[in-house]
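Shown here is one chain on its own, the form predicted on its own, set out as structure tokens.
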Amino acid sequence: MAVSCTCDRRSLTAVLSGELDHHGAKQIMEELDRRVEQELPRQLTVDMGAVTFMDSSGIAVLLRAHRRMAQLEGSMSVINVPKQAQRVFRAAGLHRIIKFL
């Protein structure tokens, strides 16, 4: 699992790629935490277009990022969510908390 971040005018975009499972979730959370602390963005966009597999660990990743953005009084959205991951997020009710585009 890899995460690549870019920031422009306090808008942070994190592109996730590969398998998002319990092995990679901790690494992703740490990188997102580090970049959010560094950039202090007003908007975080998580792009999941290159995610090939996701288990329930993806829920924890998004909830942690959402909580951190709320602490900064910022917003968060998730884009390009694969069908398999959409089912996991919908089953968990994340669509009621996080904006999916």
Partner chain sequence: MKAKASNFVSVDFPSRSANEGFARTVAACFAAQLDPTLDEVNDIKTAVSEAVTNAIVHAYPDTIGKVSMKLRIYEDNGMEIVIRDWGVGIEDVEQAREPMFSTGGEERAGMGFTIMESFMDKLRVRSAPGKGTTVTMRRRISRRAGVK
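Please read all numbers here as calculations on a predicted model, not as lab measurements. Numbering follows the first chain given and starts at 1.
The same protein has a further form, the form predicted together with the partner chain, not shown here; the description that follows concerns it.
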property: 4.5 Å heavy atom contact, A60 to the partner chain in the predicted bound form; result: yes
property: 4.5 Å heavy atom contact, M54 and the partner chain in the predicted bound form; result: yes
property: 4.5 angstroms heavy atom contact with the partner chain in the predicted bound form for R34; result: no
property: Contact flag, H22 vs the partner chain in the predicted bound form, heavy atom cut 4.5 Å; result: yes
property: Contact assignment for the partner chain in the predicted bound form, among S11, Q84, S77, S17, heavy atom within 4.5 Å; result: Q84
property: Joint contact, R42, L72 and L101 to the partner chain in the predicted bound form, by non-hydrogen atom at 4.5 Å; result: no
